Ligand SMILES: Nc1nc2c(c(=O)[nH]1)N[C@H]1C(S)=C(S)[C@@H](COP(=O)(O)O)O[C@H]1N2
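Just the one chain here, the form predicted on its own, laid out as structure tokens.
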């Protein structure tokens, strides 16, 4: 698509009153090169932009700085005029509404700290069994941030949801070129999740990240954040909400982000969408392929508990003898629902040690299994994390 020409959405105003003034591109960067926008990310693809930080930088703080927060996009970033921005809320509602950013700001502001993670985090590990496509993420497609915005439930109450509503669709303002059409990224969540309230709403409409306005990479000027769900349900560049009696027909809910062994049509149809993420974790330091001396080695990393309410990491264990014995890691920083847990430890290795292994358990009964069955899209890799080491 020519970024200098008017798109279909620019000409028709997208049906929501939002003017898109152009599309940005990552240019002709080489994958793995430094980010020209100043972030310190390793880019797996550059057009669209898909990058993750080194694990060492990722765990430097419990709140992930924007420059170290992974970027996942399916199309170039749209440039949106915030003064003309209008969010459309329609479907199974008594009062369809269109809200500007100023009108949204009349609602109660909510601040929530939550971890986002891509369903494909650690995807490269599946390639050891059989090749998988998609962005070749290592273990850095995850980050923890403070999100500020408005509870989705408050917006839906203004629109007055009708009886029979079962799902809430989200539609972004990006333009993804597929074989059959140009589509936005989209998805949906069950109405019960959308309407959840309390200290942490079930879903938020977010305009600020770590105290600053969203960057273009993270969905400026408005995005959804759905605590406890895979990142694909937190739609960026949000422009349209539809309340419905069925899940979204958008490709990225109806025909993607599913666990399938094969990719035949019946496999996609039979598989349900992925919503909540399972417990996961990684060893961040020492780095991969580091040579270590026999004796005590300092290690650190993260564990993300299962995305259930009130769930935290309960036990984090490490082994340097292929699982024959385990020792507990020391949790550091905060423990909070929907957030990762950072940890540190010192473990003894010998010349017989071939890897340091991480496994973890959480308060809802979640655990990292020894092995995860291979799936065709490389989603939800949360088996024991193995860091190969060379002991001198």
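Given the structure is predicted, the values throughout are model-derived calculations rather than measurements. Positions refer to the first chain, counted from 1.
From this point on, the text means the form predicted together with this ligand, which you will not see here.
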Practice prompt. Note which of 232, 313, 226, 145 lies within 4.5 Å of this ligand in the model of the complex, where distance is taken over heavy atoms; exactly one does.
Written response: 232
Worksheet item: Exactly one of 201, 172, 281, 307 has a non-hydrogen atom within 4.5 Å of this ligand in the model of the complex; which residue is it?
Response: 172
Item to complete: Indicate whether this ligand has at least one heavy atom within 4.5 Å of a heavy atom of residue 340 in the model of the complex.
Response: no
Fill in: Distance check, residue 320 to this ligand in the model of the complex, heavy atom within 4.5 Å
no
Practice prompt. Although this ligand is absent from this view, report whether residue 207 comes within 4.5 Å of it in the model of the complex, heavy atoms only.
Written response: no
Item to complete: Consider residue 258 of the chain shown here, and say whether it contacts this ligand in the model of the complex, taking contact as heavy atoms within 4.5 Å.
Response: no
Worksheet item: Any chance 92, 155 and 240 all have a heavy atom within 4.5 Å of this ligand in the model of the complex?
Response: no
Worksheet item: Where does this ligand sit in the model of the complex: which of 160-168, 67-75, 266-274, 124-132, heavy atoms within 4.5 Å?
Response: 67-75
Fill in: Partner contacts in the model of the complex for 192-222 (non-hydrogen atom within 4.5 angstroms of this ligand)
217, 218
